[in-house]
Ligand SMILES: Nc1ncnc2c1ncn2[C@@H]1O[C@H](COP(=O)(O)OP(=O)(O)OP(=O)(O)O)[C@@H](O)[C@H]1O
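As structure tokens, one chain now follows by itself in the form predicted alone.
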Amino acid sequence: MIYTVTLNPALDRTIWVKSIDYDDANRIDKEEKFAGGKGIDVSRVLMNLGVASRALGFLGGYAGMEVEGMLLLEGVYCDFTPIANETRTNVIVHVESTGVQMLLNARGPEIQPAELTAFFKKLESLSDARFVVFSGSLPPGLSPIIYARSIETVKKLGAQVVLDTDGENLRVGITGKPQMIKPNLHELSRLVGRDLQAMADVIAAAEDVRREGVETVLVSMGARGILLVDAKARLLAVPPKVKVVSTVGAGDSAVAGFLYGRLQGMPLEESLRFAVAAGTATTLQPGTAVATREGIEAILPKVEVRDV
């Protein structure tokens, strides 16, 4: 079983406007709501690919009920830990006249000690876990050590762990030694403390992280593709040129695509190809919609993979 963990999920409210006029009323042309969160998006893409997963994390209040209801309607199995405080609501604004997308992300609810304990009890029961994906930010007040402790907890059960977060959460999280991390180029730069542009520098940074105990580093680089570095391979998968509609959820879709390949027993090169196809297919979707199987399969033959 694959489990995805989103500790700070959100109800994403996406709105479209023709333009932004400051100090004046702006009419909304269209509005939609989605269940938001990096781990949640991994589960949504896996579901589109026909792979069962279970979404874990914290949900509370009316917004939390909406998130869980939306996921259940999509076919995503939910097992969230209930909390007293309200799940956050994020706002994504698409300005049609300029093509600009604005993200307004809320901090999230505070988690009570008993709620955190209940979450760890749930982690300790995941005896059937094959992969566990920890993604995204932490709710305010939670220490990054939560990620390291969570990773150690599920590794003791025999699970393979993927960590996809940023900043101090990533820096501390890797002390739990996840098998794989999936930073983007900016996140990896922050982790190693230096600007990364040239491919040789990115590879060197990935190797630095591997020396900390991480087996596989996937680095997403937008149109430049995704770099994979592990003990035996240095591969770069490059997507075809596309007209990007939205980048929301692209990295999470790539994680889902890579895990799909691993579950299907694909060679490493093909798993990476699937990761890039899934991430690219999501960039063609509006708002916070994610890749479909048809969209992924249409892009898959156009992804180029080579040794670097």
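Quick caveat, the model's predicted, so the values are computed rather than measured. Don't overthink the numbering: it's just position in the shown sequence, from 1.
The same protein also has a form predicted together with the ligand, omitted here; what follows describes it.
Site annotation in the model of the complex: the residue of Gly222, Gly213, Pro140, Pro82 reaching within 4.5 Å of the ligand with a heavy atom is Gly222.
When you look in the model of the complex, the only residue of Val51, Val244, Met65, Met266 with a non-hydrogen atom within 4.5 Å of the ligand is Val244.
For the chain shown alone, Gly37 is not a contact residue for the ligand in the model of the complex, no non-hydrogen atom being within 4.5 angstroms. The ligand in the model of the complex is not approached by Gly261, whose heavy atoms all lie more than 4.5 angstroms from it. Mapping the unseen interface onto this chain, Gly60 falls outside it, with no heavy atom inside 4.5 Å of the ligand in the model of the complex.
Contact annotation: Thr283 falls within 4.5 Å of the ligand in the model of the complex, judged by heavy atom distances.
Just one listed stretch, out of 27-35, 42-50, 66-74, 250-258, contacts the ligand in the model of the complex at the 4.5 Å heavy atom level, and that stretch is 250-258. Every residue of the trio Asn184, Pro239 and Gly279 has some heavy atom no more than 4.5 Å from the ligand in the model of the complex.
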